[in-house]
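Given as C-alpha coordinates, the chain that follows is alone and in the form predicted on its own.
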(Lines give C-alpha, C1' and ligand atoms only; values in the text may rest on other atoms or scores of the structure.)
Protein backbone atom coordinates (compact mmCIF):
# COMPACT_ATOMS: atom_id res chain seq x y z
CA UNK A 1 0.00 0.00 0.00
CA UNK A 2 1.39 3.38 -0.99
CA UNK A 3 2.07 5.88 1.75
CA UNK A 4 -0.82 8.38 1.98
CA UNK A 5 0.14 11.92 0.99
CA UNK A 6 -0.98 14.72 3.31
CA UNK A 7 -2.39 17.92 1.89
CA UNK A 8 -1.21 21.38 2.91
CA UNK A 9 -3.94 21.89 5.50
CA UNK A 10 -3.28 18.51 7.11
CA UNK A 11 0.45 19.25 7.30
CA UNK A 12 -0.32 22.67 8.82
CA UNK A 13 -2.58 21.11 11.42
CA UNK A 14 0.02 18.48 12.36
CA UNK A 15 2.73 21.13 12.71
CA UNK A 16 0.36 23.32 14.77
CA UNK A 17 -0.42 20.47 17.18
CA UNK A 18 3.26 19.55 17.48
CA UNK A 19 4.15 23.19 18.09
CA UNK A 20 1.53 23.49 20.84
CA UNK A 21 2.81 20.32 22.51
CA UNK A 22 6.39 21.59 22.32
CA UNK A 23 5.34 24.93 23.82
CA UNK A 24 3.56 23.20 26.73
CA UNK A 25 6.59 20.96 27.33
CA UNK A 26 8.91 23.98 27.27
CA UNK A 27 6.69 25.79 29.78
CA UNK A 28 6.72 22.82 32.15
CA UNK A 29 10.48 22.54 31.72
CA UNK A 30 10.93 26.25 32.47
CA UNK A 31 8.85 25.97 35.65
CA UNK A 32 10.83 22.92 36.80
CA UNK A 33 14.09 24.73 36.08
CA UNK A 34 12.98 27.77 38.07
CA UNK A 35 12.14 25.51 41.00
CA UNK A 36 15.54 23.85 40.82
CA UNK A 37 17.54 27.05 40.51
CA UNK A 38 15.52 28.57 43.37
CA UNK A 39 16.78 25.83 45.67
CA UNK A 40 20.20 24.59 46.65
CA UNK A 41 22.37 23.48 43.74
CA UNK A 42 25.75 21.88 44.05
CA UNK A 43 29.00 23.32 42.66
CA UNK A 44 29.73 23.37 38.94
CA UNK A 45 31.34 20.19 37.62
CA UNK A 46 31.94 18.47 34.29
CA UNK A 47 29.71 15.76 32.91
CA UNK A 48 29.04 13.65 29.83
CA UNK A 49 25.67 13.51 28.02
CA UNK A 50 24.89 9.80 27.64
CA UNK A 51 21.27 10.06 26.40
CA UNK A 52 18.77 12.66 25.22
CA UNK A 53 15.05 12.64 26.03
CA UNK A 54 13.20 15.58 24.49
CA UNK A 55 13.92 18.62 26.61
CA UNK A 56 15.99 16.69 29.17
CA UNK A 57 19.23 14.74 29.00
CA UNK A 58 20.98 12.13 31.10
CA UNK A 59 24.39 13.27 32.34
CA UNK A 60 27.11 11.09 33.80
CA UNK A 61 29.20 12.88 36.43
CA UNK A 62 32.88 12.95 35.49
CA UNK A 63 34.52 14.14 38.72
CA UNK A 64 34.33 14.19 42.49
CA UNK A 65 32.22 12.00 44.75
CA UNK A 66 29.46 11.76 42.15
CA UNK A 67 31.77 10.44 39.40
CA UNK A 68 30.11 7.66 37.40
CA UNK A 69 26.60 8.42 38.66
CA UNK A 70 23.88 9.36 36.16
CA UNK A 71 21.51 12.31 36.61
CA UNK A 72 18.49 13.51 34.65
CA UNK A 73 19.18 17.17 33.88
CA UNK A 74 17.28 20.23 32.71
CA UNK A 75 18.86 22.63 30.21
CA UNK A 76 19.07 26.37 30.61
CA UNK A 77 17.20 28.20 27.86
CA UNK A 78 20.30 29.91 26.43
CA UNK A 79 22.07 26.63 25.64
CA UNK A 80 22.39 25.20 22.11
CA UNK A 81 20.88 21.81 21.28
CA UNK A 82 22.82 19.08 23.04
CA UNK A 83 23.44 15.57 21.73
CA UNK A 84 24.79 12.32 23.08
CA UNK A 85 28.55 12.58 23.52
CA UNK A 86 28.55 16.25 24.52
CA UNK A 87 30.71 17.31 27.45
CA UNK A 88 29.00 19.82 29.70
CA UNK A 89 29.23 21.81 32.91
CA UNK A 90 26.35 21.03 35.27
CA UNK A 91 25.16 21.45 38.82
CA UNK A 92 23.48 18.76 40.89
CA UNK A 93 20.10 19.45 42.52
CA UNK A 94 17.94 17.51 44.91
CA UNK A 95 16.26 14.17 44.21
CA UNK A 96 18.83 13.23 41.54
CA UNK A 97 17.89 16.11 39.21
CA UNK A 98 20.50 18.54 37.86
CA UNK A 99 20.88 21.63 35.71
CA UNK A 100 23.24 21.98 32.73
CA UNK A 101 24.79 25.45 32.74
CA UNK A 102 27.27 25.26 29.82
CA UNK A 103 28.33 23.16 26.84
CA UNK A 104 32.03 22.46 26.38
CA UNK A 105 33.59 22.69 22.87
CA UNK A 106 33.12 19.68 20.58
CA UNK A 107 36.05 18.02 18.85
CA UNK A 108 33.78 16.56 16.15
CA UNK A 109 30.08 16.42 15.39
CA UNK A 110 28.11 14.13 13.11
CA UNK A 111 25.14 15.97 11.56
CA UNK A 112 22.29 15.23 9.19
CA UNK A 113 19.31 17.27 7.96
CA UNK A 114 15.98 16.52 9.64
CA UNK A 115 12.63 16.09 7.84
CA UNK A 116 12.39 19.87 7.37
CA UNK A 117 15.89 20.16 5.94
CA UNK A 118 17.28 21.76 9.11
CA UNK A 119 20.76 20.59 10.06
CA UNK A 120 20.64 18.47 13.21
CA UNK A 121 23.61 17.07 15.18
CA UNK A 122 23.36 13.33 15.81
CA UNK A 123 26.39 12.72 18.03
CA UNK A 124 29.48 14.62 19.14
CA UNK A 125 33.12 14.03 20.07
CA UNK A 126 33.16 10.82 18.02
CA UNK A 127 36.40 9.57 16.43
CA UNK A 128 35.11 6.39 14.73
CA UNK A 129 31.94 5.96 12.67
CA UNK A 130 30.94 2.32 12.18
CA UNK A 131 28.86 1.94 9.01
CA UNK A 132 26.76 -1.19 9.54
CA UNK A 133 25.08 -3.11 6.72
CA UNK A 134 23.97 -6.69 6.16
CA UNK A 135 22.88 -9.15 3.45
CA UNK A 136 19.28 -8.29 4.46
CA UNK A 137 18.07 -5.63 3.99
CA UNK A 138 20.04 -5.53 0.76
CA UNK A 139 22.96 -3.08 1.12
CA UNK A 140 23.24 -0.19 -1.32
CA UNK A 141 26.56 1.38 -2.23
CA UNK A 142 24.94 4.81 -2.49
CA UNK A 143 23.92 4.79 1.18
CA UNK A 144 27.34 3.55 2.28
CA UNK A 145 29.00 6.26 0.20
CA UNK A 146 26.77 8.91 1.78
CA UNK A 147 27.99 7.83 5.20
CA UNK A 148 31.59 7.94 3.95
CA UNK A 149 31.09 11.50 2.66
CA UNK A 150 29.54 12.50 5.99
CA UNK A 151 32.45 10.90 7.88
CA UNK A 152 35.03 12.70 5.73
CA UNK A 153 33.16 16.00 6.14
CA UNK A 154 33.08 15.58 9.93
CA UNK A 155 36.68 14.43 10.19
CA UNK A 156 35.69 11.05 11.65
CA UNK A 157 37.47 7.81 10.68
CA UNK A 158 35.09 5.23 9.12
CA UNK A 159 34.90 1.47 9.63
CA UNK A 160 32.71 -0.64 7.32
CA UNK A 161 31.00 -3.50 9.13
CA UNK A 162 29.11 -6.31 7.40
CA UNK A 163 26.90 -7.91 10.03
CA UNK A 164 24.93 -11.17 9.67
CA UNK A 165 27.57 -12.60 7.34
CA UNK A 166 26.15 -16.02 8.24
CA UNK A 167 23.26 -15.08 5.91
CA UNK A 168 25.54 -14.98 2.87
CA UNK A 169 24.57 -17.67 0.37
CA UNK A 170 25.23 -18.59 -3.24
CA UNK A 171 22.70 -16.05 -4.47
CA UNK A 172 23.90 -12.91 -2.66
CA UNK A 173 27.60 -13.75 -2.29
CA UNK A 174 28.77 -12.46 -5.73
CA UNK A 175 27.16 -9.02 -5.27
CA UNK A 176 28.34 -8.69 -1.66
CA UNK A 177 31.91 -9.72 -2.46
CA UNK A 178 32.03 -7.24 -5.35
CA UNK A 179 30.69 -4.49 -3.08
CA UNK A 180 33.23 -5.16 -0.33
CA UNK A 181 36.13 -5.48 -2.75
CA UNK A 182 35.58 -1.93 -4.00
CA UNK A 183 36.05 -0.52 -0.49
CA UNK A 184 38.93 -2.82 0.40
CA UNK A 185 40.74 -1.71 -2.77
CA UNK A 186 40.28 1.91 -1.69
CA UNK A 187 41.88 1.13 1.68
CA UNK A 188 38.80 1.32 3.88
CA UNK A 189 38.84 -1.10 6.83
CA UNK A 190 36.14 -3.75 6.36
CA UNK A 191 35.05 -6.30 8.96
CA UNK A 192 32.63 -9.21 8.58
CA UNK A 193 30.87 -10.38 11.74
CA UNK A 194 27.80 -12.21 12.99
CA UNK A 195 26.37 -10.73 16.17
CA UNK A 196 23.98 -13.71 16.41
CA UNK A 197 26.70 -16.38 16.28
CA UNK A 198 29.57 -14.31 17.73
CA UNK A 199 31.90 -14.78 14.76
CA UNK A 200 34.36 -11.91 14.35
CA UNK A 201 33.05 -10.03 17.40
CA UNK A 202 36.37 -10.08 19.27
CA UNK A 203 38.06 -8.50 16.26
CA UNK A 204 35.38 -5.81 16.25
CA UNK A 205 35.81 -5.21 19.98
CA UNK A 206 39.55 -4.73 19.46
CA UNK A 207 38.80 -2.09 16.82
CA UNK A 208 36.40 -0.22 19.13
CA UNK A 209 38.43 -0.24 22.35
CA UNK A 210 39.88 3.16 23.16
CA UNK A 211 37.66 5.02 20.69
CA UNK A 212 34.39 6.93 20.88
CA UNK A 213 32.36 5.19 18.20
CA UNK A 214 28.92 5.61 16.67
CA UNK A 215 26.96 2.92 14.85
CA UNK A 216 24.99 4.11 11.82
CA UNK A 217 23.07 2.25 9.14
CA UNK A 218 19.64 1.17 7.95
CA UNK A 219 17.13 -0.23 10.39
CA UNK A 220 17.27 -4.01 10.46
CA UNK A 221 21.02 -4.42 9.90
CA UNK A 222 21.49 -5.56 13.49
CA UNK A 223 22.93 -2.55 15.30
CA UNK A 224 21.05 -3.40 18.50
CA UNK A 225 22.15 -7.03 18.22
CA UNK A 226 25.74 -5.85 17.91
CA UNK A 227 25.35 -3.74 21.05
CA UNK A 228 23.86 -6.72 22.89
CA UNK A 229 26.77 -8.92 21.84
CA UNK A 230 29.41 -6.32 22.76
CA UNK A 231 27.68 -5.29 25.99
CA UNK A 232 25.44 -8.17 27.17
CA UNK A 233 24.34 -6.27 30.28
CA UNK A 234 22.75 -3.50 28.19
CA UNK A 235 19.90 -5.57 26.72
CA UNK A 236 18.72 -3.23 23.95
CA UNK A 237 15.54 -4.21 22.17
CA UNK A 238 15.92 -6.05 18.85
CA UNK A 239 13.31 -5.84 16.08
CA UNK A 240 12.67 -8.13 13.09
CA UNK A 241 12.62 -7.21 9.42
CA UNK A 242 9.27 -6.17 8.06
CA UNK A 243 7.82 -9.09 6.09
CA UNK A 244 6.20 -6.62 3.68
CA UNK A 245 9.06 -4.28 2.85
CA UNK A 246 12.16 -6.24 3.81
CA UNK A 247 13.24 -3.15 5.75
CA UNK A 248 14.13 -3.10 9.40
CA UNK A 249 11.78 -2.06 12.16
CA UNK A 250 13.02 0.75 14.42
CA UNK A 251 14.07 -0.47 17.87
CA UNK A 252 16.42 2.28 19.08
CA UNK A 253 14.52 5.52 19.63
CA UNK A 254 17.23 7.74 21.08
CA UNK A 255 21.01 7.88 20.77
CA UNK A 256 22.60 6.42 23.88
CA UNK A 257 26.23 6.12 24.98
CA UNK A 258 27.70 2.95 26.50
CA UNK A 259 31.12 2.36 28.08
CA UNK A 260 33.40 -0.55 27.18
CA UNK A 261 35.14 -2.33 30.08
CA UNK A 262 38.58 -1.93 28.47
CA UNK A 263 38.06 1.75 27.66
CA UNK A 264 36.24 3.56 24.91
CA UNK A 265 32.58 4.40 24.35
CA UNK A 266 29.86 3.41 21.89
CA UNK A 267 26.95 5.60 20.77
CA UNK A 268 24.01 3.60 19.43
CA UNK A 269 21.92 5.86 17.16
CA UNK A 270 18.40 5.42 15.76
CA UNK A 271 18.22 3.59 12.42
CA UNK A 272 18.65 5.90 9.46
CA UNK A 273 17.26 4.65 6.15
CA UNK A 274 18.43 7.68 4.21
CA UNK A 275 21.30 9.94 5.14
CA UNK A 276 20.73 13.38 3.66
CA UNK A 277 23.71 15.47 2.64
CA UNK A 278 21.93 18.76 2.07
CA UNK A 279 24.45 20.50 4.34
CA UNK A 280 27.52 19.72 2.22
CA UNK A 281 28.89 21.28 -0.96
CA UNK A 282 30.03 19.69 -4.22
CA UNK A 283 33.62 20.07 -3.02
CA UNK A 284 32.74 18.26 0.23
CA UNK A 285 31.21 15.38 -1.73
CA UNK A 286 34.26 15.15 -3.98
CA UNK A 287 36.52 15.10 -0.92
CA UNK A 288 34.50 12.15 0.38
CA UNK A 289 35.45 10.10 -2.70
CA UNK A 290 39.08 9.59 -1.76
CA UNK A 291 40.05 8.08 -5.14
CA UNK A 292 39.26 11.46 -6.72
CA UNK A 293 41.97 13.27 -4.71
CA UNK A 294 44.71 13.04 -7.35
CA UNK A 295 42.29 13.65 -10.24
CA UNK A 296 40.44 16.80 -9.23
CA UNK A 297 41.77 19.93 -10.89
CA UNK A 298 43.22 18.01 -13.82
CA UNK A 299 40.19 18.25 -16.12
CA UNK A 300 40.46 20.34 -19.30
CA UNK A 301 37.65 22.65 -18.13
CA UNK A 302 37.68 24.30 -14.72
CA UNK A 303 33.90 23.93 -14.29
CA UNK A 304 33.88 20.29 -15.45
CA UNK A 305 30.88 18.36 -14.11
CA UNK A 306 32.52 14.99 -14.87
CA UNK A 307 29.62 13.96 -17.06
CA UNK A 308 30.41 14.03 -20.79
CA UNK A 309 32.99 16.79 -21.05
CA UNK A 310 36.08 16.09 -23.19
CA UNK A 311 39.32 15.98 -21.28
CA UNK A 312 37.66 14.99 -17.99
CA UNK A 313 40.22 13.36 -15.68
CA UNK A 314 37.55 11.42 -13.78
CA UNK A 315 35.99 9.97 -16.91
CA UNK A 316 39.41 8.93 -18.15
CA UNK A 317 40.13 7.26 -14.80
CA UNK A 318 36.76 5.51 -15.05
CA UNK A 319 37.67 4.20 -18.49
CA UNK A 320 41.09 3.07 -17.23
CA UNK A 321 39.58 1.25 -14.25
CA UNK A 322 41.13 3.55 -11.63
CA UNK A 323 37.62 4.68 -10.63
CA UNK A 324 34.87 2.08 -10.25
CA UNK A 325 31.52 2.53 -12.00
CA UNK A 326 29.73 1.80 -8.72
CA UNK A 327 31.45 4.76 -7.07
CA UNK A 328 30.90 7.08 -10.03
CA UNK A 329 27.19 6.22 -9.96
CA UNK A 330 27.06 7.09 -6.26
CA UNK A 331 28.92 10.32 -6.82
CA UNK A 332 26.52 11.43 -9.55
CA UNK A 333 23.50 10.47 -7.45
CA UNK A 334 24.73 12.41 -4.43
CA UNK A 335 25.65 15.49 -6.47
CA UNK A 336 22.23 15.44 -8.14
CA UNK A 337 20.55 15.37 -4.71
CA UNK A 338 22.29 18.50 -3.42
CA UNK A 339 20.14 21.60 -3.01
CA UNK A 340 20.41 23.90 -6.02
CA UNK A 341 22.30 21.31 -8.02
CA UNK A 342 22.23 21.84 -11.79
CA UNK A 343 23.76 18.43 -12.45
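Numbering follows the first chain given and starts at 1. Predicted model only: the values in this text are computed from it and were never measured.
Keep in mind that the form predicted in complex with a small molecule is missing from the display, and what follows is about it.
Proximity to the small molecule in the model of the complex, defined as a heavy atom within 4.5 Å, holds among 125, 213, 218, 84 only for 218. Between the small molecule and the residues 120, 72, 196, 106, the one pair within 4.5 Å by heavy atoms in the model of the complex involves 196. Heavy atoms within 4.5 Å of the small molecule in the model of the complex are found in one stretch of 148-156, 219-227, 259-267, 202-210, which is 219-227. At the 4.5 Å threshold, heavy atoms of residue 166 reach the small molecule in the model of the complex.
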